[in-house]
Structure formats: structure tokens, C-alpha cells
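Below are two forms of the same protein chain, given as C-alpha cells: structure 1, then structure 2.
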Structure 1
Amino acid sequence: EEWSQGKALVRPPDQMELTEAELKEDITRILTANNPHAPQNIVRYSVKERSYKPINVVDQMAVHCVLEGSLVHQDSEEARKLRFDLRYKCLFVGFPQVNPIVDGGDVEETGDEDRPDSAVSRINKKEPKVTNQFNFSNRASQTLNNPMRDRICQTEPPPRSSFSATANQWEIYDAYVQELQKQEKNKEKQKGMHSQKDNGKSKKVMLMETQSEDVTKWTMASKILERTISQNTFDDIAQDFKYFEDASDEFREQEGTLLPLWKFQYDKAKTLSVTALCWNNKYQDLFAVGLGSYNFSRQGCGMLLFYSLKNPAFPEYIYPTSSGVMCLDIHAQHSHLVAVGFYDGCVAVYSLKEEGQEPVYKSTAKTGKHTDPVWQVRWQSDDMDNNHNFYSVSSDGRVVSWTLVKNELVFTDIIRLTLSGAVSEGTEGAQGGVSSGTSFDFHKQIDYMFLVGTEEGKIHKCSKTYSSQFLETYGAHSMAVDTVKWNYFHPKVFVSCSSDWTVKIWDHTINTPMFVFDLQAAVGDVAWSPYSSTVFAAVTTDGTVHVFDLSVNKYEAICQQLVVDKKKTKLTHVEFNPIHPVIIVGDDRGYVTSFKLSPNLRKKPKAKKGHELPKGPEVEVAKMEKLLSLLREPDQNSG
């Protein structure tokens, strides 16, 4: 009943008041799908027709509510990914993060591209961001990278060295003591130095020395070089000198030959003649040549040359002299001392050790030089004060002894030669003429005895101690005696030669000569051989060398050889080398030629067993001498 009673209409207060007629009116309402709010006359610009055109079809949809959903179709790609990630993330991450996404509504795939991106990007942080191709494009390029190169360098470390020492109290003390001593010495030296005044001089000397030192280094080397070159140049001669022995001597019974070896000449000495020759005892390849002139009218300067067999091209030492050299002698022991006699009567002593060209000692008019040419000088053994001394003989008739005392030459007249024989001043009245001595020689063993040959042809035997008298006089030659020489072995025998063409052999106890040889020309010089007492050589002015061996042939020379090219050359001197079988011969053109003696000339006397060699010939000579004295005839038995 209640629902029926409810039919009474309740009128709201603001209802329109309408009449019943109006109330009964039927109003028709039509429902269409048209959106009443949609515009009905949209006009759009059409580019094609270039005008506005009304659009007939208008979108009638009205969206009232939009709800984004997150449902994903289970077969879609995304769903698979989600499922995978779900499993993956369930392990690590809690659920809340996952759920809301899974329960989400359907996702429109065509419309919004951003949302799947954001959803996915939230889930998969590890997946690379997939950028869309429209808004993003990758551009990449690579510049050229220069290739890398390694450069390394290592500097040299500074040089290192080790040092070690000990530092002790005693070491320190010792060092100080040493230092103090040194200082004291220096102080003393300085005091000494101040007193000397030749500091400047010493400096100069030092300079000179350093300069000459440089040169001297080269001189030795150049000397050796020169000698080797000489040897190469004269190689065949050197070979001959050493090894050549004349084989033909076997066929010649007695005769021998002289093989010419080197020829020594010096340019500047061309005009001079050889006036003296002497071998050096110590250096047997060195010999001295004195050059001067025998010509009375033509006297110029002279020269003293020293040659070595090792260098025949040029002299080793050259000493020019103001006056012609007439004689020279080399000291037997001190072979650097050379005594020289000059044409002007001076004597001088040269020392080969000294640098200069001047003699170490020279006699002057004050100091007793001879007034005439000095013909012979000879060294003697040192006197009691150990001073060197030598003797000289000259045309002024004096035999003088010169002693080298400190810086001077002190002379002592030994003997005066007079024509009559005795000596002291003013003894003989009428015959007080002075006889000129032309040569002398001292006995090898008996030191005080010596022989003097004179210009008159006499030979006097004198003694150093007896100045007033001659021990003996031999009337030897008719012309001046050029040379007298004692035999090296036999103490009694000596030889003399003269311009009267003869060579005579004497026994000094007998007044007459033992042997006389006529050589057909003036004999310039004669020399005994050092290896045999019976061999000697003589040179003549016709350029011939005669070699005699008395044990082989008593009458003739066993060798007579013309040795110089031109016959006009006169041979002036001859000397035997002390050890080599070589003789040197000087001539008046300034040449010195050397010869090798062939074996026949060098025959040593056959030694009887038990007999000493040097005495062998002596015995023979004695034999011959006895025979001579008995018969005064030459012995027919030849040794």
C-alpha cells in the first residue's frame, strides 16, 4: 500500500510551473552518437587547392577518462623480456619493484614509444640504451694517430774510483812530521837559491836543452837510418868486407891481393891531402883522417874528419881547422880524446864528446907551441897525477911533452934535436944547427924509450929521462925519415921509411938495418900489421901499396898493387885496422880508400904446439937476425 500511496507527486520547490496541458505534451528525444560538443564546421587549409576547405567528417569522439594500463600481451616480445627479467631479478631484487609493472594494463604499442623505453630502461640498466633512429644518429670518425716511438737514452755516469786509507793517530802524526821536514828542507833550499845569481842563465840553458833535445831525438834515428841506407847502397862492399876471401890465393903461392872496399871522400876536403890516419881502438869501425897540405907554398886551412865504416858516405865528425893538420893520434883508452898537430906548430886536443868544433885544448905561442910544423903526436900513459899527456915532434927540433892540466896544456921540452946529436943549449958551437924531427914512435913495452926520425935521414933512439943525450943514432937514410914504427910484437925490431925510396928494418941493438927494400918510388908511410910481427905495408908516391911478409918472402913484397886510378895521385899514409883485415890508405887528393887483405897476406905463422903465437914470428926473426949477423947475407931458408 505504501508504494501505491507514493504516487502523489512531490513537487520540488524550483520546478517550473506548467499547465496540465503542457504536462501531457510528448517531447521526442533522439539519441545519436554525435558528440554535441564536436565542432560542425571545421575548416582546414588545403595546400593542394590553396584554399580553405570545410572538412565533412569531424571527429566525434570525446574522451572522458584515460587510464594507463601496464598489461602486456603474453606472447609479445616485451612479455618475454619481462618474464626473463622477472626471473633474473627475483634472485636479487625484492618484489615490490616488479609487481606494479606486471599488473599494469594493456600497453599500446603503436602510440607511445616513450613509455616502453622508460619501462625497459628502468628494468634493464645493463642493457645498452637503444636510442631511436629518428632523434638520434651515430656519427663517428677516427683521426690519424701518429705511431708511437720509444726513445731511450742513458747518460754516462760520472767516472768513479775507489780510495781507501786508514786514519790513525800515528798516521796523522807521521804525516805531520814528514810535512814539517819537507818544509824545513824547502826553506834551506830557498836560502841557497837566493845566493846564486845565475837563475837566468840556467833558464836559458834549459831552453837550449829543450830545443836541442828535440833535434837530438831525430839525430839518433836519422843516423841509424843513414847507416842502413849506406849499407844497402854499398851492400856488395859490405858483403865483401865481411865474407869475401880471395879464392885465387890458393893458387898463388905467396902473393896476395888487396880488394878495394869503400872509398871515403868529403867534398870540402877535395883540395887537401891526407896527412894523417888513425884508427880508434875502442870503436874499431871509426877512424880519423887529418887533412892538410904537404905543399910548403900552398898552405890553407885543414880539417879533421872522422869516418865510420858503417857510413862511408859522410863523415861522422867534422872539425875544420885554421891550419893544416899534419898528424893526429887517438888516445888508446879515452878514445874521445884526439891530439892533433898543425902545420903552424900548434898542437890541440879535441874531444869528440864535446859539442863544439873547437878543440878542448890548444897551444899558443905563449904556451910553447912549436915554431915549425908538428910532424907527429903520440899519446902517452897518464902521468903520476893522472893527467893525460902526449908528445909531439916538430921541425923546430923539439920533442915536447904536453900535459893536460885542468884547462891548460902545459908543455915540457923533452929533448932537442941538433945536428950533432947532443942537445942542451949552447953546447956545440959550430954545429949548433937544429935538426928537424919528422917522426917518432914510442916503444910498445919500454915506455921511456922512443925513436925519432929526422929530416937528415938519421934516426935517434932517445929516452924520456935522458934529455941531453941520445941513446943511439942510426944513420938510416939519405933523405928525410918519413916514418919510424916499432914492431908490435918483437921488442927490438922497428921499421923506417924515407923519401929515398927505401924501407928498412932494424934491430935497435944493431947499427945496420936488417932488411932493406927498395920500392922504386918515394915511400910515404909504412905500418906494421897488428896481427903478425912479420907483415907490414908501405905506400909510395906512385900510387902503389906494397905488403911484405918477411916470414914468406924476405926480398920482395908479396903484394904490390896499384890502388888509385890516376897515377898522379900520391899515397900518403897507410894504417891497419886493429881487428878487421882492412887497411886504409890516404892520398894527396883527400881520398881515403879501404882495402881488404886477402888471406895470403894475413898468414899467421904456424904455431908449434905449446908455442905462443906472437912469439912464433919473433923466434923466426931472431933466427934470421942471428943468421944475418953471422953472414951479413940474406938467409936462404924462408920460414
Structure 2
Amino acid sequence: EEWSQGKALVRPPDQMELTEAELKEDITRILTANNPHAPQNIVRYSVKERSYKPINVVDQMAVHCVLEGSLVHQDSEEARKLRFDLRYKCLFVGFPQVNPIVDGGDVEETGDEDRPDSAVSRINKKEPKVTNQFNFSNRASQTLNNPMRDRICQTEPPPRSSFSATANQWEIYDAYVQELQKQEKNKEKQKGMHSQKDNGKSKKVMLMETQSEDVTKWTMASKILERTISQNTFDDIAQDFKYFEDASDEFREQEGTLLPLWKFQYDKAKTLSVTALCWNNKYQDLFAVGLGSYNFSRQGCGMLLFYSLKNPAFPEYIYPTSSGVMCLDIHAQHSHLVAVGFYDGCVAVYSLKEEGQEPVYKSTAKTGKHTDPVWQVRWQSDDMDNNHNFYSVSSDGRVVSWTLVKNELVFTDIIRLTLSGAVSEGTEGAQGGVSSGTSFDFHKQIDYMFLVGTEEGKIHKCSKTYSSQFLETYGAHSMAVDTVKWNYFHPKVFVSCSSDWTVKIWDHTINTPMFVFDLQAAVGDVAWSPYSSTVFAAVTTDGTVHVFDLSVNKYEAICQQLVVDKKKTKLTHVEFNPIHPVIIVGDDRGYVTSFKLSPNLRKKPKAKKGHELPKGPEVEVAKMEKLLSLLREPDQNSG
């Protein structure tokens, strides 16, 4: 009675023991049709795109067994052909009729009536039609195949010439750039032709295109001709620029004069003021003019112009701007790059090599533009990645570094100016209010050191690497600092000017000014000369240019000359030419006037008999140091 006893489960000794929770856990397994052995990195050559492309769709079918059988479906076309062939052989050839085995059917047994020699088959069998044995011929037609012909044309061989050249990487790049430019021009022409055809003006477009092509061919020649005519027109001024020296300077030992040369003006910029001037270091006859407005209640459009001394009649380049230009700077090495600061807080970079009137780089609110007018921009040496960069200062208290990366400007806040001190980039919330920056300049030898002038009249000595605190603060002026500039030769000296009528010379190691000059009018700008460490020029709002030479006279200017035609005209900026004894002066009516310095304004010390006059920057440094040593206290001279 084993069946009545309960059946016990027998567990194998190696069975895993699981808990109740593990036993109740649902483990899902998903079966997919993907073949795990199918390759996923198949690459095929695309003739259309001329490159290898990965294949996304991979065949996932895996064939495990293949057996080729001889069975045919009875309703298929192949089965019908087999039946017809068997019947034909039975009727005409005399083979016994056999039912084909289709779809696994059994072989039917043939009786006596199916045998060819039986009486039944003889009765049912139809006699085949016997052909005529005497004049029988198969119906056939034979076509005539045309003979093959070779067509050969004899032409003159194309002219050949042997050519050899070395292909460098930049030559290949230039060739590709030229080809792309040609393709773009052709596309533009085609677009213009199609659009004009739709309007029924295709003939006019063709005429305009041919005219534009003719104009481009003669652009360079016409520019040379225009300069020639301009030089002939102003031949007396050109002769004065090159040869004239004021002979009366021999009778005036400590006085000099300014000889007016060319006057530059642009009709569309008569309502704008000259807000910036800058010479090109590579092409010394070319200078840039920024046009805007210092009347902050009447702001509008601005303009960036480039003039040449070779053609004072018309600007070389014209760039209209949507906001007033407040400052600009031309790159020292790459003279085609111009950094510009605007009244609306934007900074931009223009390239003279690019066609069109738009900047190649421009800051936006998204990329960290200033919220107040930009008062100064200065190019600096390239960074570690050889990217160009420049600095800007604005009334919002920010000193910002801008780096040209690919097609955008990347900004970095260097320092934030506050009334209580400097605030570094990482801190939030400036204590004591924001201090408005109005001007700045970088040291000529020490790359990290720069000066910042503020609207409160203070000058801060700062460092790029130490942005949390000022290195030094000078209580310079009682009004806004309009300009601050380092001396080209002496590493310790800088000059500042303000609307409080004063120009001051400083030693950055001393908190008090070394020289103070009261010019009896608001000072718009001041500039050091590039040929002497003791010569500088300043312009005032009463239309006067003041030229100082501290080695000649430490107390007053050796040249004070009124250079405007109208009494209400205010001078705004002044700049020395890098190599020629020429200065340019801008006013609030959009005019730029050039002047030649008389010999007394660029006089060099006379050499003693039998002694050669030393030359070089060391002489200029020693000349300024001699003046400073007379003004310093004994302990400062020893230090």
C-alpha cells in the first residue's frame, strides 16, 4: 500500500537553498530577436558622400539548418511545368504516363489500361501527326547582323607644358580659400539673377554685374590716382610736412610753434565729436578716429573712420555703428585688428581685412557686456594658447579681459572697483558702492601692472594676478580722471589729467605728484611723445594745445597755441605720430587737425666738442631721472 503513503520531495544534495523572499521574487527574462553574434561596426563606402559610413541596420537572422528538397507544391508554376513535360513525353515520345509525386502524395498503381501495349491504351491513344517526309522544312528566319564599326576622330593634341612647384600647407590652404570665395561669388550671382528674373529685370542685373566687375578691376588704380590728385592739390602742405622747419626757433630758445597741416573731416560725421584717436604702428600714415558724443542726453549713432596722411580728402575705411564710439585701440603686431568700446557697454573687434561694415567679434548681454559706457580699451600680449586678448574699463566698475576664441569673445572679470577698495571676481556684492572707471593704461615693461583712473578723481595701481586689493591708491584729482598714461621710457613715471584744469606727473613709488600744471581750462587729453621722455602734450576745452618739455622748462609749457577757428569749439583728444614730428588733435565738431612740431619742441641736447652724443632709451631714462632726483627727498633718492 505504498500509494496511500504521502510522497516526500527528494532534494538533490547540491541544490541551492533559498529564502521565502528569494523564492517569491520574480525574475524576468526577455527573449529578443537580436543576434548577439551579429557585428555592430560594419562600415561601407558611400559614393554619394565620398566617405565610409557605418551601417545602422544589421541582419539579425541566424540560419541553423538548410536542407534542399525535391518536393514541389502542386499549385505552383513549377509543378504545372513538370506535368506538361510528362504529358508531352508520353504523347510524342512514347514514355509511359506517370503521375508526378507532388506534396508527399503516394505513387498510384498503374493498371493494364495504362500500359502502352494494352488494348485500352491503343483505343484511347491519338496518333501523332506525321510530318511531310518529302518537302518538310523548319520555319526559321535568319537576320543579318550589321558588322561592327569603329569610329575614330583625329584631333590635335592639347598643348602641354612642364610645371614644377613646392606645395606647402599654407599654399594649399590659400588655394582652397580662393576656390571657396569663387564658389560663394557664383552662388550670390546666381541668386541675384534668379531673383531679378522673377521680377523681369535680368538684363539690368547682368549689366550691373559686369559694371561691378569692371569697377573692382580699377579700384586699386583709381585709389592711386585719387591719392596723386590729392597730393597735387595739397602740394604746399606736403612740402611743409617733409621739408619746412621754422627758422624763427633759432631766436626763441625756450618756445616752439605748431604748423597746421591737413584737416580731416567727413560730411556725415559733422554732428559727432572725436572721442578717440590712435595711430597704426605698422603703417605710420594711417590713424583711426572714433566718433560719438560726450553729451549724454543726446546719444545716437557713432562712426569708426580710418584716415591716411596720403589722402586727407576722404577716409580710407568707414564703419558706421549703432552706438557712439567712446574708445579704440589698434593692435601693435596685427595692425588690421581694432578693438572698440561703445557707449551702450559693448566692445567689438573690427578687422580691416574683412569685407563689410560689421565687426568680426562683438560682446552681448549674454557674453558679459558692460552695463555702462566703455571708456578705455587696450590690447595685451597673447595668452598661453596664442589667443588675442584686450582689456576694457567702464563706468560700471569692471575691468574685464576679453579673449578672441574662434568666433566669440570670452570675458573674464579682472577686478571690480568700489569706493571702499577692490573686489575680486569671486566675491559677490560690493560694499560701499561702485567706483566708476574712466581710464586705464598698462605698464610698458611690467606686463601685469596697470593704472585705473576713476570718476572720483582717484588713481588705483592694480595687478592682473592680485585682484582682491589695490597695490596703491593716489588721491590725484578733485574731478574725474580723463586720462592716465605711463611714460614710454622711464618705468616709474606716469601722467594724468582731469577736468579740474590740472595735469600731474607721478612717480608710482611716491603718493604725491612730482609736477603739477594748471592749464586754466578743463583738460580733455594728455599724451607722451614717443621720441623724448620729458615731452608731452595736452589739449583743453578752450581750444588750446599745450606742449611741455620738462628738460627745458619745468614750470610752464614751451608752446601754447590756439588751434580752433571758432571760440566754442572744444578739443577732446591728442596723439603723437610714432615716427614723424606730427600730432593730430580732435575736437567736438568731428574735425581732426594735424600739426608739425617746430624744432624747439623736439630739440635734442647739443653734443660737446670731441664727444659723441649718446643715443638710446637709457639716455631718455637718465634725463627724466635727473629731473626726479631734484624733486625727491634724500631718503627717497637713496631708496
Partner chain sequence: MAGTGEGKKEEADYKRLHSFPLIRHTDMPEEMRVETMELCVTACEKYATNNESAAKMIKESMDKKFGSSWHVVIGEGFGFEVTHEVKNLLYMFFGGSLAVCVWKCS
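When a residue number appears, read it as a position in the sequence of structure 1, where counting begins at 1. Think of the rigid core as the biggest set of C-alphas that the two forms share within 1.5 Å after superposition. These numbers were taken from a predicted model, which means no experiment stands behind them.
Legend: structure 1 corresponds to the form predicted together with the partner chain, while structure 2 does not. Remark: with the core as the superposition reference, the CA shift of residue 81 between structures 1 and 2 reaches 2 Å or more. With a cut-off of 2 Å and the rigid core superposed, residue 386 has a Cα displacement that falls short of the cut-off between structures 1 and 2. Once the cores line up, the CA of residue 177 ends up 2 angstroms or more apart between structures 1 and 2. Structural comparison between structures 1 and 2 after rigid-core fitting shows the C-alpha of residue 15 displaced 214.0 Å.
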